[in-house]
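Next up is one chain by itself, shown in structure tokens, the form predicted alone.
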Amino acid sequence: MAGTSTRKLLDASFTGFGIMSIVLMAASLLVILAPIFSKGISAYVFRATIEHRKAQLDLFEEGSEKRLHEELGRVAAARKPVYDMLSAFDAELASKPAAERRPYTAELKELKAELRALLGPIPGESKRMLIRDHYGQTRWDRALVEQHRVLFAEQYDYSDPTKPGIKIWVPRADRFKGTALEPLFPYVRDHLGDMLLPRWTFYRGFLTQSSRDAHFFGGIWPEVLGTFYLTIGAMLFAVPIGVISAIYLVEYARENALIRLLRSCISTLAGVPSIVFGLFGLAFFINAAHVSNSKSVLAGSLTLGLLILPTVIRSSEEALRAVPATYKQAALSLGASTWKSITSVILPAALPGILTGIVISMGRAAGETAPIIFTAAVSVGKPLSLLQTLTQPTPALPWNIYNLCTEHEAVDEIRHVQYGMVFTLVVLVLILNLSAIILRARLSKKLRT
């Protein structure tokens, strides 16, 4: 009785711990994925301004030219008072002595820079080189941030010598009191909607267009396509080799010291840091084997294939071992050869388990960054054709997410692009995994019937 009570208590404890672990994992996933999905969707659905619609027509020839022309007329009328006040203030300054103009020079330059960032080029000024300088804010949420920078100037308060400077915002209107620019600030505050005409938009171009001007405009299609190429290429390399290796280890290899060493090496490789595979891919596939002259999708796929190969081998090996020995014995007793029994009986029965390992490996290959840094990934590039994957590098979602978050010059201004990339990568991995899971379920159902 005491032993039975102890087993029941242990069973209840393990059940409780199992449920708790599942709940904690679900909560962790919710905490991680909720902001990714909520902020990532904002890359596709947002309030687009007239500047966004103008950029889409100019850069990608998408949108209604007639409707845009009508909206630009309304916008021009709403913005005219702003530019009239700037011209009036310029004339006012020109009539003043140099000593009186000097205090306003830096303030006016800063104000004009913020107005350009909000509304685009000021009429009459010379053209600028960067595409981003030809347009104002394309998103309403960023326009509100820029409106705040027009209305308020950033300043630091050093009144407390024991603390570092504290950033404060002071009204710009106070610096232009009694001048022709004083009415500009309440006008910008009250008429921003008239000057930018925000409208809710589903931006499918984020997925289908190439980026322009370092992701200020356009979408992430080259990165999505590059990730797809790298993932599929890695699976084409790793799956056949991994499954054949597993078949050899389970069905043909005799248990000896060499085979035990080989299995130990496979397990060790599964735990090697991914950056090591990236360095190996650079040294072997590019510098030694010369599969391409420099970075390429082919070199990156082979490197990722090596990375996931141990996982494919071990999962396939366990799936083959899980097939009842009577299946093979029955096939052999009917006169089938060893290879025929493997391909006709054992492998189909083990296929659901093999696909589980493939699904796990596919998700890892799609999300790895370190191996492709040295072998395949570039920050900016065009979509590649299948033939170009043999010799050309490609943008990829994992690398570009890291690159945009750490090295982009305007990281805050394109935050929506970063979240949109993460959201797209998660969805892409989920779609690939879901496809494999559905395939596995259908195969399992077919085997049962």
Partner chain sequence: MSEARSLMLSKKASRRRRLASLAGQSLLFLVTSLSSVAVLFIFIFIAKDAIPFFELRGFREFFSSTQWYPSHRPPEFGALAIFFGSAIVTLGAALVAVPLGVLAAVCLSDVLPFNLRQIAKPVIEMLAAIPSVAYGFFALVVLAPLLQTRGGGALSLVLWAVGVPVSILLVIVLGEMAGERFPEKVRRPVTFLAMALLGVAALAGLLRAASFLNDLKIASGANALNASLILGIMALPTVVSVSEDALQAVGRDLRMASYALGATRAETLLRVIIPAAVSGIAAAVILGIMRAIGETMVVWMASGNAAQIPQPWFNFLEPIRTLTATIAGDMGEADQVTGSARYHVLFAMALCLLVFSFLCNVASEWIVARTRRRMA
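Residue numbers count along the first chain shown, from 1. Since this is a predicted model, take the numbers as computed values, not measurements. Definition used throughout: the rigid core is the maximal C-alpha set that superposes within 1.5 Å between two forms.
Here the subject shifts to the form predicted in complex with the partner chain, a form of this protein not shown in this document.
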Is there any non-hydrogen atom of R415 lying within 4.5 Å of the partner chain in the model of the complex? yes
Interface membership of G367, the partner chain in the model of the complex, 4.5 Å heavy atom rule: yes
How about P35 - does it come within 4.5 Å of the partner chain in the model of the complex, if we only consider non-hydrogen atoms? yes
Taking 4.5 angstroms as the cut-off for heavy atoms, does I401 touch the partner chain in the model of the complex? yes
The unique member of A88, V170, C265, A113 whose heavy atoms fall within 4.5 Å of the partner chain in the model of the complex: C265
Please pick, from I232, L320, A336, A153, the one residue with any non-hydrogen atom lying within 4.5 angstroms of the partner chain in the model of the complex. A336
Every residue in G63, A78 and L118 with a non-hydrogen atom within 4.5 Å of the partner chain in the model of the complex? no
Given that the partner is absent here, state which listed stretch (343 to 351, 190 to 198, 327 to 335, 98 to 106) has heavy atoms within 4.5 Å of the partner chain in the model of the complex. 327 to 335
Contacts with the partner chain in the model of the complex - residues in 17 to 34 whose heavy atoms fall within 4.5 Å: F17, G18, I19, M20, S21, I22, L24, M25, A26, S28, L29, V31, I32, L33
For W221, state whether the C-alpha moves by 2 Å or more between the shown form and the other one after rigid core superposition. no
Would you tell me if F202 moves between the shown form and the other one by 2 Å or more at its C-alpha, with the rigid core held superposed? no
Align on the rigid core first; then say whether the Cα of I122 has moved by at least 2 Å between the shown form and the other one. no
